[in-house]
Structure formats: structure tokens, C-alpha cells
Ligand SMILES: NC(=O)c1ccc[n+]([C@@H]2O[C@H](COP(=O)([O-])OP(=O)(O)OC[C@H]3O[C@@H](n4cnc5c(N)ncnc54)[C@H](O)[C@@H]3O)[C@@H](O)[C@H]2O)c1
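Next up: a single chain in C-alpha cells, the form predicted on its own.
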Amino acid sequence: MQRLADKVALVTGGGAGIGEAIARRFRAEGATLVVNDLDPARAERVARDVEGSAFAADVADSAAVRRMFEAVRERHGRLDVLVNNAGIAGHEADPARAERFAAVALAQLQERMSGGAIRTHADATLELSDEDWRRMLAVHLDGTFFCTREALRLMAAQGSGAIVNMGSIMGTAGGAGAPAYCAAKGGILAFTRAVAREVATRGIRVNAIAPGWIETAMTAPLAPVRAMLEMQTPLGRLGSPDDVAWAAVYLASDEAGFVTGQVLAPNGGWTMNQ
């Protein structure tokens, strides 16, 4: 099926992982792609593969975002779908941080199983710097806002559009050791509901995806606790980027024409409260 035929779609963070999978699925469903990424080479590689265009920009920079959407307007004259996918895990500059998180999780599990007191603590909030807190919220929350605001300028004029925001189970259930990430993703989900109510009168739908544990480079440092994560997931495995991409296809397509303000959670059953 060509469920996105004749639609122009912009995917942020589309140069790798979930964003790349979404861009490729969108192209297979007939969309014309604009691939954004902070890394120009990654954006160009995926854009070339999906026969689209690339735009390198930091979504946390409102001026850069404005220039990106102006380029979309000049090149295509419209925007039918925006996927706010760009994000960071917080350990990109310090891989050892993720390793410490995994070590703490394993230590706590062993302490619980032994029946003794918990002596190992995450203390992520105590150790979180102002800079790391602000960067996390800037990329996820500011970036989603900046891109949504510019997309609405195009979509409002045409009286239609679909926006898909990338949340996380960390934004619904929370997670020890990732306070900034959880805050950012929780904010995105609340933002999604607010904007969905606001722009429904313009024929624009806004929804979110809250993935579970997905096998990407971002989660690779958690390899020591992979078996534990799989055991805690009812379907018994980590998800693939394509599991999330299919959810994005649905929310972006006319099949979801009566769906707005919702959170679709491809998480293998990790949480069942949606």
C-alpha cells in the first residue's frame, strides 16, 4: 500500500536508529522525505537512499529550525507530516555513564534477590549537572516545540497535517537513573495533548509514540542488563527500530484520521496503561 502517497514528510533525527527506520518506511509508503540530522553526512546518506533531501540542523536552535522549515516551504510548498524524533540519551559524550547505570541496576537486583538491604544507589539526580539537564530538555522538549511551531505555520495555511512526537515509556512510567530524560519525554507527552486540542480546529492531528526498549546505538551501552530488560518485557525481546516505524506510518496516514492527542506505545508489554 502507498499509505503516504503524495505526502511531504520531515523526520528529525533521521540519520540513524529509529529516525532512519521511519524515513525508510515512509518512503516505502510513498512519502517525499526531508531528512534532518545534526550530522550532515548521516542526513545525506539516508536522504540519498530514500530519494529525498537532507537538512543538517540542531533542533535545539530555533533559528536553525526556522531556516530548515523555510527550505521545506521553498522546495515543496507544503508539509503534510512532521516526525519530532531527534533526541539524545545523555551518555553520548560519556559512554561510561551508561555502563555505570547498568552496573547499578545489576547490583541492586542482586541485593534484592539476596534479601538484604539495598546498598547500591543510582544518585543520578544528585550528580546531574545544570548543563546536562538543560541540554537534555533543549534537544527533546525545545526541539519538539521549535519544530512543531514552524510546522504549524505551513499546516495551518493548508488546513491539514499530522505531527508525530517521540515520547518514551520513560515519560510514562519513569525510570531510575534518567531524571532529565524522563522529564523531557513526559513533557513531550503533555505538549502533544495540549497542541492536539489546540489545532484540531485546523484539521491537524498531533499524536505521540512512547517506545519501550529499542535496539539502537543509543541503548547499546545497556548490553549488561539486556537479559534483564528482555525478562521484564512480556514479549520477551527488545524492539527493533522498525517496530516504531510502523507505528509512525499509521499515525501519519489517513488510516489514523480520527486519532489525535493519543500515545501509541510499541513497548512489548512493558507498560499496559495506555
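Don't overthink the numbering: it's just position in the shown sequence, from 1. What you see is a predicted model; the values in this text were computed from it and never measured.
The same protein also has a form predicted in complex with the named molecule, omitted here; what follows describes it.
Open item on the list: Taking 4.5 angstroms as the heavy atom distance cut-off, pick the stretch from 155-163, 69-77, 136-144, 105-113 that is near the named molecule in the model of the complex.
Closed with: It is 136-144 that comes within 4.5 Å of the partner.
TODO: Find the only residue in D243, E29, E44, D58 having a heavy atom within 4.5 Å of the named molecule in the model of the complex.
DONE: Looking at D243, E29, E44, D58 one by one, just D58 meets the 4.5 Å heavy-atom criterion.
- [ ] With the named molecule left out of view, choose which of I88, L189, V195, A183 has a non-hydrogen atom within 4.5 angstroms of it in the model of the complex.
- [x] Of I88, L189, V195, A183, the residue with a heavy atom within 4.5 Å of the named molecule in the model of the complex is I88.
Task: Candidate spot A9, V259 and Q262, all three touching the named molecule in the model of the complex (heavy atom, 4.5 Å) - done: Checking in the model of the complex: none of A9, V259 and Q262 is within 4.5 Å of the named molecule.
Open item on the list: Taking any heavy atom pair closer than or equal to 4.5 Å as contact, tell me whether G52 reaches the named molecule in the model of the complex.
Closed with: Output for G52 is no: heavy atoms all beyond 4.5 Å of the named molecule.
- [ ] Would you please decide whether L251 lies within 4.5 angstroms of the named molecule in the model of the complex, comparing each non-hydrogen atom pair?
- [x] Residue-level check for L251: no, no contact with the named molecule.
TODO: May I ask you to state whether V225 is within 4.5 Å of the named molecule in the model of the complex, using heavy atom distances?
DONE: Outside the cut-off, so no.
- [ ] Indicate whether the named molecule has at least one heavy atom within 4.5 Å of a heavy atom of A63 in the model of the complex.
- [x] Residue-level check for A63: no, no contact with the named molecule.
Task: the named molecule in the model of the complex - contacting residues of 210-244, heavy atom within 4.5 Å - done: Counting only heavy atoms within 4.5 Å of the named molecule in the model of the complex, the contacting residues of 210-244 are P211, G212, W213, I214, T216, A217, M218, T219.
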